[in-house]
Each structure stands twice: as C-alpha cells, then as structure tokens.
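Just one chain is shown here, as structure tokens, and it is the form predicted on its own.
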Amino acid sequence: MENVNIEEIYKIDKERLLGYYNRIKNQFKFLEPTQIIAKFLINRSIGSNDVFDTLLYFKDKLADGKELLDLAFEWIRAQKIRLEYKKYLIRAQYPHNNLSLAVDDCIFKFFLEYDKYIRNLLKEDIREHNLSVLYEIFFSPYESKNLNIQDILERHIDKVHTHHHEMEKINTNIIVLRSGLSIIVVKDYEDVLFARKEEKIKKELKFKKTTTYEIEQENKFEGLLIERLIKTYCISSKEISEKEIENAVSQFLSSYFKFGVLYTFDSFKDLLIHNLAEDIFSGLSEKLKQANTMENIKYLALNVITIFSKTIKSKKLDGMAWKKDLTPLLKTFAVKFINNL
C-alpha cells in the first residue's frame, strides 16, 4: 500500500455530511458543540451514548488546526474502510483458517497506510495507547453497544507503551494496530467461517428439499418500498428518515408473514436474505451496483441474520411475532447500508 491516498480511495461526501450536521446544529441550538457532534454521529448510526464521552476524551488530543468535526468525519470514513476489509475477508483463504495470519494480512492491506494518515489528526506527542483505543472504537461493528472509553482505555493503557530513544519516539505502529484491531478482525473472520459452514450445509441439503418446501417458497418477501426509497436516495441524495425505513421494512415483512400462521426460522431465512438483497440491489444506481454486488449485499444481510439466529430461542412463531422481532433488526441494517452508500 505505497503512497495510498486514503481520502481518495475511501471517499466520504463531506459537503453533504456538513449540510446534515448544520441542520442538526440549527435544530438543536441549545446543545453545546460536542453534544451536537455526538448527536450527528448517533444519527448516522455510529455508536450510542458512549460517543459523547469519546469525543470529550479526544478533544484536547487533536492536532493544531483540527476540530472534533474532523474526528467525526474520520469516524464515518472508518466505517467505509471496515466495509471494504470485510468484503476482502469474504474472499480470503488462509491455510488452516489461521486467525493470526488473517489479522496481519488485513493490517498490511488496509491499515498500515491508514495509520500514517490518521496520525495527522492527532498531536505528535500523543501516547500510543490512545491510537490503539481509537482503532478499537473506530472499527468496532456499528451494532456494538458497549464502547465505553474508560473501559477500553483500561484494556490498552498497560498493554501499549510509548517508547523513546533519546528525543525520538520509536515506531511501534504494528503493535498499536494489532492491539486495537486483532479482536475485531478475528471476530469478523470467524463470522466469515461460520457463514461458509452454513453455506456448505445449505448446498448439501439442497437436493434433499421436498416438493412441499418448494411450494412454500413460492411466497416472496416483496420490498417495493425498500427499492423505491433507495432509488429515490440514489437519484436525489435526499435524506431518508428512520421512520420511512422502518415503514419500508415493515411492508417487506408483512408481504410474507401472515397473522395466525406459524413459521420456522429455517423455512424462510434464505428467502428473506435473497429477496432483501434483490430489492436493495434493484434500487441502486448503475454506478453503485458496481460497488455493491448482489452477493456482497446478501453476505452483509447473512451476517445480521446469523447473529439473530444465534440468539433466537423459539423454534416456531406466529407471523406477527416474527415481524415484531425482525423489524428493528432489518431497520438498523437498512439504515447502516444507506448511510454507507
């Protein structure tokens, strides 16, 4: 990754983001600047209430000429980098599924040059554990609920040291990157391995499906509102409210689930993923379709559904119960996907 232009490869529309930030600023004039930036990030589906504490912590660690809004923009850019390296992991093959090799490979391909780039945001004399903390916060999955800055600091402060030789700071960037990213990359690659295993099982069972099952699959999830919302967003870049997205997701689920009918999760999981990816893909512009293939969208949806399937306890539920459980999950997924376009 020599001479990589991070801003060019992982573009964010700063002008549009700034416009959105200013709307929040004008709407909540009674809030102080740090609170406004925190609200801006939370509205972009980044972090939760812990965002404010993170901003406060890094406020006095920014380089001269840099502001908290610059930090916020880089937090958003980090989500684009996360999406790209996860796409890379989907295709990656490591001997014996070596997790350490996966970590080092991702660090080399995606984060060595990023480390040089992001250090320009912070003071030169900043202690190295702060970078490690920042990487864990920036690249944790967007659905993470516990990003408490003090808890993360406790994990890193005694593990990542700042070393000097005379007046020069010794380069320990690999140690910093491993400390901040190892757990995250390992978890992401384990999810990939789990998805591959599920796909293998699905293929093995493909030829054992009965005619009855195929008849059941004639029903489809119809996401006309989802497709229309994304198409409108691609054409006009108009902000879409979370309520609109929730309504679209609700319509998508209602098209399949019926009150009084009992469903098992395995009987509709694959159909849901396929139809959701199909409707999202249909709404994309031709340019965005090149960057977001059907297979990539299906994989991102599979990740969300896989997490859901690990926690679901019931074997069989009424259609309205499935809709109630799945609506907030798919809403969060759709909001995140649209925000990353």
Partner chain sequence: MYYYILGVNKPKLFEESMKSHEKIILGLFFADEDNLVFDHIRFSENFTDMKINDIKMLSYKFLGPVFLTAATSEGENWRIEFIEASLSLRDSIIDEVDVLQSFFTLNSSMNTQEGTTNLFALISTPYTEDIKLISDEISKYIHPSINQSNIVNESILGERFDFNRMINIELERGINLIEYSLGSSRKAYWKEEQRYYCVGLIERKTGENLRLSNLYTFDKDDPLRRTYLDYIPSYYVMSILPDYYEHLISETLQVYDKKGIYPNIRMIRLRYRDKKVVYLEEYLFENEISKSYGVILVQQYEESEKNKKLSYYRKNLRLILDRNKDIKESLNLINSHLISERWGTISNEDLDKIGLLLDKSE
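Positions refer to the first chain, counted from 1. Please read these numbers as outputs of a predicted model, since none were measured by experiment.
We do not show the form predicted in complex with the partner chain, though everything after this point is about it.
- The candidate spot formed by Phe58, Gly65 and Glu124 lies out of contact with the partner chain in the predicted bound form, as no residue has a heavy atom within 4.5 Å of it.
- Of the stretches 238-246, 83-91, 255-263, 70-78, only 83-91 has residues with a heavy atom within 4.5 Å of the partner chain in the predicted bound form.
- Put simply, of Leu147, Leu101, Leu271, Leu225 only one has a heavy atom within 4.5 Å of the partner chain in the predicted bound form, and it is Leu101.
- Residue Ile174 is the only one of Ala195, Ile174, Ile183, Ile118 with a heavy atom lying within 4.5 Å of the partner chain in the predicted bound form.
- Though the partner is left out of this view, Asp105 does reach within 4.5 Å of the partner chain in the predicted bound form, counting heavy atoms only.
- Using a 4.5 angstroms limit between non-hydrogen atoms, Leu112 touches the partner chain in the predicted bound form.
- Lys220 falls outside the set of residues with a heavy atom inside 4.5 Å of the partner chain in the predicted bound form.
- Within 4.5 Å of any heavy atom of the partner chain in the predicted bound form lies no heavy atom of Leu205.
- Shown here without the partner chain, the chain has Ile9, Tyr10 in 8-37 lying with a heavy atom within 4.5 Å of that partner in the predicted bound form.
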